[in-house]
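Two versions of one and the same chain are coming, encoded as structure tokens; call them structure 1 and structure 2.
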Structure 1
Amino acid sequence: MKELVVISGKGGTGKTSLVASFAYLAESCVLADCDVDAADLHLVLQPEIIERRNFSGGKRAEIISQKCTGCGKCAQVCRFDAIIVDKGIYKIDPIACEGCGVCDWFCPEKAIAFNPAINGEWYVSKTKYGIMVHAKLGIAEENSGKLVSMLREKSRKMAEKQNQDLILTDGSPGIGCPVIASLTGADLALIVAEPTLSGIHDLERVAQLVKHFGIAGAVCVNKWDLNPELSSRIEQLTKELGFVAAGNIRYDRTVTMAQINQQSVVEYQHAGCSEDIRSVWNVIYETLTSSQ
């Protein structure tokens, strides 16, 4: 079983459009949308949800006002400024609360309820191209890394059960906890870069992260023709990193049109970028299947 994770460092470089196209080209796979903050893959693949579960990534504290004597111990020990005193009444700001439970531990009146919180929902769905696991993290919630790890574990189980050899994982932007959670243990990380100075800056940081975790890397350049000079600089950088240069994808308005029509862009056979994406996929598939 092989898992490809598609990441980018910088947001909005085309990860999701590319994953949807790869799903179409692979014909059969298990998909995992690990951009749990702002998941979009379902907008293209129109999944039919077959299983829906709550996600609890941690606990949340709440003050039981009848038991609270207002001693202020909780406010004294909380490092996250999550205890609010409103007209003498102690309350917990759920947004500031980190879920550490230190207030609960030290409250002399046992006036704090510290129970598992529901931080979101996750789903197993059917799509045209195979099973997809995806999730919705609740607004202002934490533990996105835990949710990503859980989704990936589920995707591996589903792949085993379905006898699928391929898992396609759509990652999130950045280099922080959800990205780390989506990278660890993957067979190949494809970084989707764009030929801009910020694109290169962000590529360098995320590439270091991929190397830090010892994952094999590949880079493709989206909208390469917006700045051919910077695109060749990215190719050079890819070589220096020891990553696979997976190719360039041209700027094409069909990508937006496909999104509006809930299709993957490679379904538009005559679009120039479709040809480019096919060739990127061939390189990626070759790299994945030839690795041990």
Structure 2
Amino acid sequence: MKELVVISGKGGTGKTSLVASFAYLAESCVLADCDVDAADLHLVLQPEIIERRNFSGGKRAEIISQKCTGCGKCAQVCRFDAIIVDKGIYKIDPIACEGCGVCDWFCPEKAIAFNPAINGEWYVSKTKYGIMVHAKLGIAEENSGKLVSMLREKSRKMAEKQNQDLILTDGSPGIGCPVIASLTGADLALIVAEPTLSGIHDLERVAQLVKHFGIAGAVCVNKWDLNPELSSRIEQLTKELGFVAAGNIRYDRTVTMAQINQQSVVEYQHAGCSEDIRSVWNVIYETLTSSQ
């Protein structure tokens, strides 16, 4: 079983469109949308949910009004200003509460309870390309790294259950905890870069993360023709990093039209940037299948 994780130094580089196209070209796979803070792979794949579960990434405080004497000790020790007073009654602001437990520790009346916080939902769905595991975090919710780890574990189990030998993962952007959770244990990380100065900086940062975990890396440049000079610099940087140069993808408005029509780019049109995506996929597939 092989797992490809598509990542980028920031959001909006086109990695989700690539994953959807790769799924079409692979014909059979398990998909995992691990960009849980801004999940949008479902917008293209139109999944049919077959399993839905709540996600709890931690606990949240709740004041037991029958026990509370209104001493205010919890408000004094809370560093997140999560304790509010409403008409003389102490309450917890669920958005501000970080679940650290300090208020419970210092409450003289033991009037604070900690219950699992429901931070979002995760799903197993059917798509036209195969099973997809994905999720939706609630507004202002955190613990996305834990959710990503859970999604990847579930996708691996689904692949084993269905005898699938490929997992395509839409990873989180950046270099934070969700990205680390998206990467660890993967067989290959494809970094989608943009030909801008900030794009090069983003590529350098995320590439160092990939190398830190000892994962094989590949790079493709999206919209390369908007700045051929910087695209050439990215190609040179790719060689210096020891990563696979997966190819370049031209700027094409077809990408937007495909999204509007809820289709992958290569499904919507065979010419234009679809040719580039197919070429990138051939390189990636060969790299995956040739690795031990």
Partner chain sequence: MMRIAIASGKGGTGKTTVATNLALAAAAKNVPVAYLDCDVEEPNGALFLKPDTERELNVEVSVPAIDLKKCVGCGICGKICQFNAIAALGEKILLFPELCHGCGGCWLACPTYAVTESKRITGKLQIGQNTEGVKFIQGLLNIGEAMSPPVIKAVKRAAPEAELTIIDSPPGTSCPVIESIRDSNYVILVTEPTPFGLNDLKLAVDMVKALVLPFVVVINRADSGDDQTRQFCRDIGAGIIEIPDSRKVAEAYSRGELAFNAVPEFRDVFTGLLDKILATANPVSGQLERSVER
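Only the largest set of C-alpha atoms that superpose within 1.5 Å between the two forms is called the rigid core. Predicted model only: the values in this text are computed from it and were never measured. FYI, numbering is relative to structure 1, first residue = 1.
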item	value
Form predicted in complex with its partner chain - structure 1 or 2	1
Relative rigid-part rotation, degrees, compared between structure 1 and structure 2	18
Cα shift between structure 1 and structure 2 at residue 88, which is computed once both forms share a superposed rigid core (Å)	5.6
